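One chain is shown next in structure tokens, namely the form predicted on its own.
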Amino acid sequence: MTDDSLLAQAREWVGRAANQPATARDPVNVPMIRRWCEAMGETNAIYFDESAAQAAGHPGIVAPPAMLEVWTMAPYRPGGRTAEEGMAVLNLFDEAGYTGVVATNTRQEYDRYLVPGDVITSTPIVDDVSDEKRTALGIGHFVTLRYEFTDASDERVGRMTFRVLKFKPNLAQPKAEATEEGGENKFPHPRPAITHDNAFYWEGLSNRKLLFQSTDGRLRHPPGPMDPVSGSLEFDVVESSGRGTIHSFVVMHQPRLPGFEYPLPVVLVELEEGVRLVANVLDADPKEVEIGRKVEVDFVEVEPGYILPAFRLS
């Protein structure tokens, strides 16, 4: 199939439902709201306290607007496939060799707060299919999906645009660097953008120290120019003990990028000082990675002079 033919077929889906509507398995409910708030660090009382919600003008507890998509998410399926991967418009690209997929951006709009008892349905509509693009991952097409969210009365409560890139993995490999003495080629590791705000962090890593910004005793990460509470542009630097517990984790299987080994456990660690940090786990069977497991930081020189933090199970 030529690219022109593929693009024409894919664009026939624009304006059409990409899949069957999905109705939430459970109504909006307080326990799930509470769990989501705990996971996200959300402390606004209108999401878990009736009196605070009523004082703010609501009839009772409401759900955080950012949970809009949560209610109709498909359950986990073996292999880690997402709901989007079963869509016919995306299958067209799979069949043409564009088997790689990565989400690029999303945007949500809210019409009203959701309240306990609401039963939400989402309908995905194909909004746009781009011309062929050459990206850092390779040659591919951006497919934009528009999700319409409605309640049991079929009234719209919000919408979301979700864009994915379907690309050809065999064209997505960066140029390898030859190793010494004719050894195996090694792909360069992704590098961060170092700015005035985060230079102290990367300098600390180069000295095998884990450093965080602190303003009035409040630690924060990732680094930023301003304290979100006081608005101060001044900060101190505090060294972490590097000890903590796994707050959450994911085992990455795809997309497979050069420079990493898969399956790849990635953890969100809550350090003793209260800061959370995302990093890889070293020398661990993915089955051993569990929420609440104790970990300790280590420093890995992934390339000469380029050091990253990682964690080992305690």
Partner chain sequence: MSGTLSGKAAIVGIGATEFSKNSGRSELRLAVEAITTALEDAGIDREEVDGLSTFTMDNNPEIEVFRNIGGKSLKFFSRVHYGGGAACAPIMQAAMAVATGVAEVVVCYRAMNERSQYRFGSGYTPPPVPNAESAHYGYYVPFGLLSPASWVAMAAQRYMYESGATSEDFGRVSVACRRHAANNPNAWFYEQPITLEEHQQSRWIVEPLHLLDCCQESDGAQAIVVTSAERAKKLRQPPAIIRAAAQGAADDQQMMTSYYREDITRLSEMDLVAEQLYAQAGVKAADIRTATLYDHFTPYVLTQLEAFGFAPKGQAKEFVREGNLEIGGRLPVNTNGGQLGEAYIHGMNGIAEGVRQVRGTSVNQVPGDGPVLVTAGTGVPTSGLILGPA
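Between two forms, the rigid core is defined as the largest C-alpha subset superposing within 1.5 Å. Since this is a predicted model, take the numbers as computed values, not measurements. Numbering follows the first chain given and starts at 1.
Below: the form predicted together with its partner chain, not depicted.
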query: Location of its partner chain contact in the predicted bound form, chosen stretch of 200 to 208, 95 to 103, 149 to 157, 121 to 129 [non-hydrogen atom, 4.5 Å]; finding: 200 to 208
query: Partner proximity in the predicted bound form: Leu308 to its partner chain, non-hydrogen atom cutoff 4.5 Å; finding: yes
query: is_contact(Pro190, its partner chain) in the predicted bound form, heavy atom dist at most 4.5 Å; finding: yes
query: Leu257 within 4.5 Å of its partner chain in the predicted bound form, heavy atoms; finding: yes
query: Proximity of His141 to its partner chain in the predicted bound form, heavy atoms at 4.5 Å; finding: no
query: Among the candidates Leu282, Leu264, Ala66, Met32, the residue which, in the predicted bound form, approaches its partner chain to within 4.5 Å (heavy atoms); finding: Leu264
query: Proximity to its partner chain in the predicted bound form, single hit among Val70, Leu268, Ala56, Ala45 (heavy atom within 4.5 Å); finding: Leu268
query: Residues within stretch 199 to 229 having a non-hydrogen atom within 4.5 Å of its partner chain in the predicted bound form; finding: Tyr201, Trp202, His221, Pro222, Pro223
query: Post core alignment: Val289 C-alpha displaced by 2 Å or more between the shown form and the other one; finding: yes
query: Core-aligned C-alpha movement of Leu268 between the shown form and the other one, 2 Å or more; finding: yes
query: Asp111: Cα shift of 2 Å or greater between the shown form and the other one (core-aligned); finding: no
